[in-house]
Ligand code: DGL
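Take a look at this single chain, the form predicted on its own, given in structure tokens.
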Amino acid sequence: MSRDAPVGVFDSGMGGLAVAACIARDLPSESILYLGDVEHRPFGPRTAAEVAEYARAAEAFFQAQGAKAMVIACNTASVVADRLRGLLPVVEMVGPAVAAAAELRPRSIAVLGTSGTVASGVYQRALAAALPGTPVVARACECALRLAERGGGDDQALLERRLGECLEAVVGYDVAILACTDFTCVRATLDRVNAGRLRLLDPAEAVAAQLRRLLEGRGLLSASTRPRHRFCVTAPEPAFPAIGRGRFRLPVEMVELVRTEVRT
């Protein structure tokens, strides 16, 4: 496999661009092949079996496109990473997030994510293993996250209210893991609403660091001076280029409409 092959980055929509941006910044020689499964979003309310099939379809797509690794830039899809077919080496969100949280030695920890992520219990079990005896609570923020991906749209007051409800549910906890990349789309608003009450942990940087370790370990770290990025979606998303360029400073010149083979 070529060291200059792209890294596949998978999300249900645009939130995963936050992870792609971290990869582009921290591993500037790496080419990125981004896949936003807009056709099937949101993943949060879907069954684990459905999400697993979408992730396997993405895995097959990346392999067919010659990717050298797959980053699951979606917490809901990360909890079913063990159901992939093993076609590519994979970096998911949960492991790096839990490791980053453990390094902080928090007195207590909250997980904020989609209903699917919370219901899976994956974060709760991993945190219990990494931080024995540390109180852990997980809260689904589905309403806020549906607004967050598009930056809140025209109703910023509603976005702030929904984010405030998520944070109020875990006030008093030491650290909150932002276990959905859509939070990153509204990070400035989230920080303002939080007003320093909780330490917010965004796993995106930890994921990029884990990707570096994986590629180095397999001798696949690129030394290219001219990385090539591609951005693909499974259904039209007119806002994608502007959000990619404006909010995440990614070189999104064109967005390709592609199909993935989903069996469900």
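Predicted model only: the values in this text are computed from it and were never measured. All residue numbers refer to positions in the sequence shown, first residue = 1.
This protein has a second form, the form predicted in complex with ligand DGL, left out of what is shown; the following refers to that one.
Contact with ligand DGL in the predicted bound form, defined as any heavy atom within 4.5 Å, is confined among 233-241, 43-51, 220-228, 59-67 to 43-51. In the predicted bound form, at least one heavy atom of Arg146 sits within 4.5 Å of a heavy atom of ligand DGL. In the predicted bound form, ligand DGL lies within 4.5 Å of some heavy atom of Ala179.
Although the partner is absent here, Val71 is not a contact residue: none of its heavy atoms lies within 4.5 angstroms of ligand DGL in the predicted bound form. Residues from 104-121 that approach ligand DGL in the predicted bound form with a non-hydrogen atom closer than or equal to 4.5 Å are Thr114, Thr117, in the order they occur in the chain.
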